[in-house]
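Listed next as structure tokens is one chain, alone, in the form predicted alone.
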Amino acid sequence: MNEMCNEFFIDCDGIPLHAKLDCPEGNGKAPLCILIHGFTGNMEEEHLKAVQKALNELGIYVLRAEMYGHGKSGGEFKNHTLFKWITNALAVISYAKQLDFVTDLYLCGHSQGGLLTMLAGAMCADDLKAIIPLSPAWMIPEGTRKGTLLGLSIDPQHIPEMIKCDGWELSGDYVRTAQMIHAEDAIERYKGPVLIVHGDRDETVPFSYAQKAAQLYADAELVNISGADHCFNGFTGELAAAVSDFFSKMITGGK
């Protein structure tokens, strides 16, 4: 298998988005899955690479992309917002649609990237054969309206200019924009197949959110990785198997 065909940048209104195209053996016409990391993450995390390798083995291209302020992409982490990430995702999807070797397009993301997958999926439903949110952090917008952000308490009516936590800081604009997002609307708009993979030992995003999302989607499958935490540490094999099984059914028409 040719593990990596290309490493490059996708332009998004002047912001360079770091991307890698991982190619299956043969490099012919085939489906492609866009794969996006989460909050503070990057494309080289083990759980994402496990998914990438599993898809390549099925003959599927994988386009890994890093969003604003993460990895090697442009922008500072402290200035990233979900609005900026949505614009990034639309740029990556637009890029992928222009590739002449792509037969079907999928979108997969982890944590905040899982929330992004839910939002962009609704915006680009006609372009995506299925979406795959992994441990999707779709409680973020709701939390910011109630006064919480990833375990921090904030005043939802009087948002500070900067929000600081151990290891990172964010502009208050992150909260201001997140408060305007309603993930339930995106869930209602997307009618295609959905695979949600979540660990029941996730302390970052409670498993109950995965259960609720699976109930709200029109056509969703929920795979519980028993014992797994937010990033599937020690359970990347089970994560890869869940994604591989779903794509195998999609490819053969079993879904």
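Start at 1 with the first residue shown and count on from there. Predicted model only: the values in this text are computed from it and were never measured.
Omitted from view is the form predicted in complex with a small molecule, to which the following refers.
Remark: none of the three candidate residues (Leu48, Gly109 and Phe247) comes within 4.5 Å of the small molecule in the predicted complex, counting heavy atoms only. At a distance threshold of 4.5 angstroms between non-hydrogen atoms, Lys53 is out of contact with the small molecule in the predicted complex. Using a 4.5 angstroms threshold between heavy atoms, Thr204 counts as touching the small molecule in the predicted complex. A residue is said to contact a partner when one of its heavy atoms sits within 4.5 Å of a partner heavy atom; Cys124 fails this definition for the small molecule in the predicted complex, lying far away. Among heavy atoms of Ile181, none comes within 4.5 Å of the small molecule in the predicted complex. The contact residue chosen from Met118, Ala96, Ala137, Ala89 relative to the small molecule in the predicted complex is Ala137, the criterion being a non-hydrogen atom within 4.5 angstroms. Contact annotation: of the candidates Tyr190, Tyr68, Phe39, Tyr61, the single residue with a non-hydrogen atom within 4.5 angstroms of the small molecule in the predicted complex is Phe39. Across the options 31-39, 208-216, 182-190, 221-229, residues that bring heavy atoms within 4.5 Å of the small molecule in the predicted complex belong to 31-39.
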